[in-house]
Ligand code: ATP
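Next up: just one chain, as structure tokens, the form predicted on its own.
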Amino acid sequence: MVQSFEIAVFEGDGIGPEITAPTIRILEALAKQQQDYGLAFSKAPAGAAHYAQTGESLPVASMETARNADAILLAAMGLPSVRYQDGTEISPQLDLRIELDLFAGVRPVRVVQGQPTPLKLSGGQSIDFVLIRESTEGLFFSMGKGAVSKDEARETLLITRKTSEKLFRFAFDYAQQRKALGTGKGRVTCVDKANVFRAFAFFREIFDGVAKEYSHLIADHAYVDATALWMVEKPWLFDVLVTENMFGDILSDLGAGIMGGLGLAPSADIGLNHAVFQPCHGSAPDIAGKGVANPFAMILSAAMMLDWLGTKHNIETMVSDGAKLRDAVYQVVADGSVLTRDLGGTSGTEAAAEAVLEQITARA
């Protein structure tokens, strides 16, 4: 029996539509090969360009499409030239996180043999860890609501026990899954600044409490500044890192740099009932419409979506297709003959996506 899943698609701004189209084409090709799942896609307008045209950045109808979907695939949103009246960026993806309580931001960092990276790796050395970022609180809590006067500005950092406990259980469960699959060490590291801020001492205390429920896994701590150093010096030591919103925002870009750029950086924002999958990069309006955008991060995010849906609904072929899609991207990158210009190549968006599809077909 075929189980069909409704996917809400936010193409967004800039290069968003260009990287969305081939990604959906690849997902449809994968689903067509299977007998137990199907995918249906519903487009949901939102973003800066939509705001400029209509005065709405996230229409009610689009929010409902997202809320009713089994998963949400989001390309890129925001344009430097379009802002709210208070000067802040138009970022409906942040509104989705809050509205759907997507508290766990999952940012994989993976470097395989042959993949371009600014780090010098010795023979046989690879990097495979996951940064889990709390996505609804932290320093982002007061987004757009900070107090600003002539002489000072203040923002509020919020950490709650309720959200932190959900976050830490998610992180330990994720580490447990990685260990079972043989991709992780069964280790969770709480990244904070507990030596300076009471809020982070509170964060660490909650982490230690939840860690007692997972005594079969390793739990430890690291200060955020030391973590940034170690991500460059010895990133192969990490397994699952869990941290506050702003720290995660910064460290995830460092992780993207380790992987060779944002073009290879997928992500997911996951809650108890909903999940958004999107590349870490922005809308890149300077190259929009030129057919040169890198689709790999979008495709890798789609692979994460398949894995999440398959795990949630116990459909092994979806999990398998997620792994197949991820491996196909990394094979194309390692091969090096079909790379977009941000990765040192000359290929366009369609050629790069087609190379991934050819890899999948060859493995079928």
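Keep in mind that this is a model prediction, so the values were computed, not measured. The numbering used is simple: start at 1 and walk along the sequence shown.
Below, we refer to the form predicted together with this ligand, which is not included among the displayed structures.
Exercise. So which of 48 to 56, 327 to 335, 291 to 299, 28 to 36 is the stretch with heavy atoms within 4.5 Å of this ligand in the predicted complex?
Worked result: Single hit among the candidates: 291 to 299.
Problem set entry | is_contact(D220, this ligand) in the predicted complex, heavy atom dist at most 4.5 Å | No, D220 stays farther than 4.5 Å from this ligand in the predicted complex.
For this session: Verify the contact flag for A352: yes if a non-hydrogen atom of it lies within 4.5 Å of a non-hydrogen atom of this ligand in the predicted complex, no if not.
Result: Result no; A352 lies far from this ligand in the predicted complex.
Problem set entry | Any non-hydrogen atom of E233 within 4.5 angstroms of this ligand in the predicted complex | Answer no; every heavy atom of E233 is more than 4.5 Å from this ligand in the predicted complex.
Exercise. Is there any non-hydrogen atom of I159 lying within 4.5 Å of this ligand in the predicted complex?
Worked result: No, I159 stays farther than 4.5 Å from this ligand in the predicted complex.
Problem set entry | Proximity to this ligand in the predicted complex, single hit among S252, T189, S267, S283 (heavy atom within 4.5 Å) | Checking each option against this ligand in the predicted complex, the one that comes within 4.5 Å is S283.
For this session: Would you mind picking the one in M246, A199, V112, I287 that has a heavy atom within 4.5 Å of this ligand in the predicted complex?
Result: It is I287.
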